[in-house]
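First structure 1, then structure 2: two forms of the same chain, each alone, as structure tokens.
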Structure 1
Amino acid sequence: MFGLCDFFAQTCGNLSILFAAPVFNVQLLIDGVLVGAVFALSAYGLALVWGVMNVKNLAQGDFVMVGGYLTWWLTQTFGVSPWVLLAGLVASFALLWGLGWLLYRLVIAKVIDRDLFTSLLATFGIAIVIAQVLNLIFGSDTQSVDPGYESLTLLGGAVTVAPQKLFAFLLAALLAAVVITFMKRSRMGQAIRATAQDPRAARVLGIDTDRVYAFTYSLNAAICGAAGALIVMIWVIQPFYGITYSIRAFVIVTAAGFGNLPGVIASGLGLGIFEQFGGFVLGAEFQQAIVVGVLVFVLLIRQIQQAMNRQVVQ
């Protein structure tokens, strides 16, 4: 054990900090949850689009960037205030809804029945076009909105929480709750779930699946837009940073299982927390490796579970 610690001196040192000063666990846990919530939100719509339409939307992160830029632009025009930020959130939701609908009609509707590769290419194309258009309009400088709120301090100053992160977390939670209720209670939500289960049967029962698809894709884009509005408040955006959120969304949805909305929240939060602790103990360079490692682990467990189920059935 000591030999190992000599070799991984920094890792062992970092681990011992967590045991010696447990307060840093609190900081990491809080950050992990707040960070994870925003990741979960940007993955939220993907779970729907993937589950309902079987479209793997590679433009996920670029929708996020559009929402971010709209909110940033609003704060540049009207100044930074909580109301402008809230307006940015609503405006991003609305604008991206429109954009999603337009893209569905123009592109997605034409490729939805094709094979996986075609829809991947189409959404990849959309991603490139969005990123370049943002670059043409706003330039390639990084942007961010700093509301300049004083951070909250807990436990005698050892733990800090940025109010905007908390704000983003609450809004993400609210949005998630609304979408879940909507899917459970409303007619459209039921139609979406029916289409996800069996599009042919849904059509037989009189559900206009084309409308359901258009709605689902628009809803996804709108949620991404809202996530973008939150991201510009807590981090930085740039026309080409969308891919970060696309990748995270794919990891989260794959781990959660397609169409499993509560699962997305759980795996988003889990990913956030793993990233924080992994980054602290092993170093930031391992954050990504940890995320992918966890994904592999989850898939493995699932595989084993399914194999066992199959044996029972046999």
Structure 2
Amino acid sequence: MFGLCDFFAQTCGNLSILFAAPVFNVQLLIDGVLVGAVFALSAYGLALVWGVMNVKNLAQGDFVMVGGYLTWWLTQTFGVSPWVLLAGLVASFALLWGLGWLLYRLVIAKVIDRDLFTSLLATFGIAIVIAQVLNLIFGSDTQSVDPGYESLTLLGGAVTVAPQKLFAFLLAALLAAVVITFMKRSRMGQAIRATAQDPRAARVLGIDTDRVYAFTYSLNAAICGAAGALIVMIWVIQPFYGITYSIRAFVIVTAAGFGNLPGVIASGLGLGIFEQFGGFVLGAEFQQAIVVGVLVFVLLIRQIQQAMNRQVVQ
């Protein structure tokens, strides 16, 4: 009882800080946008796999962790600099591309035409294996990259922005622009969109859908690897943290819908902001619970919308 009272007292105290000092809202808003951009990047990969292949990839966050650990290892080996961080992003993209292609050939291609439970079980197994391998290689301690740069100050020093967060935000925006341009202008991007709309018609038109599926899953893994390289710059990684990023991706894609890139970006930024404000008000220990709560809320809203649509049709 006393613990509950203390919790409410702390929550009310934190809320009063936000009302009494509006500058804290600016700080949380900036941090949420910078972090949410990376969330949106990894969620876009899930939207591709889910929309094109109808595979709910539970290993999404574990791909992110692989990219994060590769970049962290490079900084431990060659030191921390913008060029090493950029090299980590490129290397993570390339390594995860190869891993995604290998996993598609060995596992995903064999379950893509199966029921939902089979694909969920297969990707969950991949997630467990990746987490355990990372744990064996790097240990269970949390890791992060600290460039040691001085924070930028705004509003007379009341608001601070870590340069690595700004760097990660710009790289995420650049990578997203490259992927969007590729999807719109290239022949493979057109083939991916055609396969997502109607796989049977795409095959009739001569599109090799198996090649499209392999490319899509590899691209998703590569995007997640790049997101991991960015996350290790602004947050912490740990072998078993992948599930939290998988949940974030599911929240964003479920809220935005398939093929809705502006919606994915908006949902990613919104989730980042919501997490920052929720973590400040409720406490950092509730930040992960907030993500799960948002997922449950989004699923409930989707169920209500579907029920209303069925009533309208009837």
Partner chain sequence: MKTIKKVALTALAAAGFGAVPGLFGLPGSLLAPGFAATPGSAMAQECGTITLGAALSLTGKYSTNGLHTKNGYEFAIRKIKEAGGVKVGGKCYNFKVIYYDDESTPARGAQLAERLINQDKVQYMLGPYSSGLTKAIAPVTEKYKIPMVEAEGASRSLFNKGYKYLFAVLSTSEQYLASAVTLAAEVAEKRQGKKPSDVRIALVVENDPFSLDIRAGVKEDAAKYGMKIVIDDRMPRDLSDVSATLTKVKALKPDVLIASGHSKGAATLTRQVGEMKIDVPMIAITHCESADIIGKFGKTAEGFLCSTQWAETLSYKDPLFGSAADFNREFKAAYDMYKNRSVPYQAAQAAAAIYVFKDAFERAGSLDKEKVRDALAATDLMTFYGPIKFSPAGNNIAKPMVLRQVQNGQYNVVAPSKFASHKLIWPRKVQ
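Take the two forms, superpose them, and find the largest set of C-alpha atoms that agree within 1.5 Å; that set is the rigid core. What you see is a predicted model, and the numbers here were worked out from it, not measured in a lab. Residue numbering: sequential along structure 1, first residue numbered 1.
Looking at both structures, it is structure 1 that matches the form predicted in complex with its partner chain. Domain motion between the two structures: the smaller of two rigid parts turns 16° against the larger, based on C-alpha superpositions. Superposed on the rigid core, the forms differ at residue 280: its CA is offset by 3.8 Å between the two structures.
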